[in-house]
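Below you'll find only one chain, the form predicted alone, shown as structure tokens.
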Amino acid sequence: MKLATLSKKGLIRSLNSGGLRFKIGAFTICLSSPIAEVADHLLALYGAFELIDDEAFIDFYTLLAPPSKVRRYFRPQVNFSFDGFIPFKPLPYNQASAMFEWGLNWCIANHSHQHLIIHAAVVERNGRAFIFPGTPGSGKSTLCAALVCSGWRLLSDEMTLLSLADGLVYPVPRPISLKNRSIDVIRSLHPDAVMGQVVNDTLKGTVGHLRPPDSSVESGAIPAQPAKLIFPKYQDASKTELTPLSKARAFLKVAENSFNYNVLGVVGFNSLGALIDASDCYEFKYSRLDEALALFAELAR
């Protein structure tokens, strides 16, 4: 049964009585929250996700709630907690849905050491994964959203999960986080794309989340073979340039963009080395999404 089969009333009941249990890729989540906006976020963006029964094993028990009863009414705030641990300071109440997405990123990045976890968007076509590592402002999420809206399969917008066991990239398809100008860019290119609540004045600026394609969610158990490792950089008025990158330099850049490379030690080193060996490596500069999409369509053939 999928989340979309729940009425809003039924969803709110689940969130308030034992938690809503659902699956994202290989992960199982239990989310509890008394906040109505969280239910709206889930209904808008998580409809294709599979619900799981009460007896299923849960990877992450999470809660979004005000720090105190007073904070529901006076300068309202929200906390994210994982198994009772609160990793962040409270945020304004209206940022609850964004805080859920950020909190879930934290859970996966800090507790999934069966993978080398790279801060990178990753999409797939013809069974081959294109990995886009990048720092904030590099344009990786905008590029990822444009590719996904053009028919590529979304594996992840935020993190590439490279299995230590078989070297494949495993999906964790979730709403794509867009910031500031990127929101209007994607809306103008794909007016039918579903966007959740847009939140202003966060630590990351204006933030909105794009609903992942149902087909990507339904393929959440199917891994992909790494093929291209591309470091994007959006630059106003720049030409579209794809430049080969040496394997040694690519190794260092990915290590710098990994969440748990240092934690994994020798295993992480070997896993990253295998990824570099299996991938064509590039730096990519762009300003025009139409040219970028045409280039990657050609690369995927």
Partner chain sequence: MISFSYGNSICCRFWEDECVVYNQLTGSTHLIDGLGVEVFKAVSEKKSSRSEFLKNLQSVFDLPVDFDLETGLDNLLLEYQKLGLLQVMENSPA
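For clarity, every value in this text was computed on a predicted model and none was experimentally measured. Numbering follows the first chain given and starts at 1.
The same protein also exists as the form predicted in complex with the partner chain; that form is not shown, yet it is the one meant from here on.
*Asks:* Look at the candidate spot formed by Leu3, Gly10 and Pro34 and say whether the partner chain comes within 4.5 Å of a heavy atom in all three of them in the model of the complex.
*Replies:* Spot residues vs the partner chain: no contact at all.
*Asks:* So which of Ser68, Thr243, Ser246, Gln235 gets a non-hydrogen atom within 4.5 Å of the partner chain in the model of the complex?
*Replies:* When the partner chain is considered in the model of the complex, the option within 4.5 Å is Ser246.
*Asks:* Name the single residue among Leu63, Ile52, Ala48, Ile276 that comes within 4.5 Å of the partner chain in the model of the complex, judging by heavy atoms.
*Replies:* Of the candidates Leu63, Ile52, Ala48, Ile276, Ile276 is the one lying within 4.5 Å of the partner chain in the model of the complex.
*Asks:* Heavy atoms within 4.5 Å of the partner chain in the model of the complex: which stretch among 251 to 259, 54 to 62, 23 to 31, 36 to 44?
*Replies:* Result of the contact check: 251 to 259.
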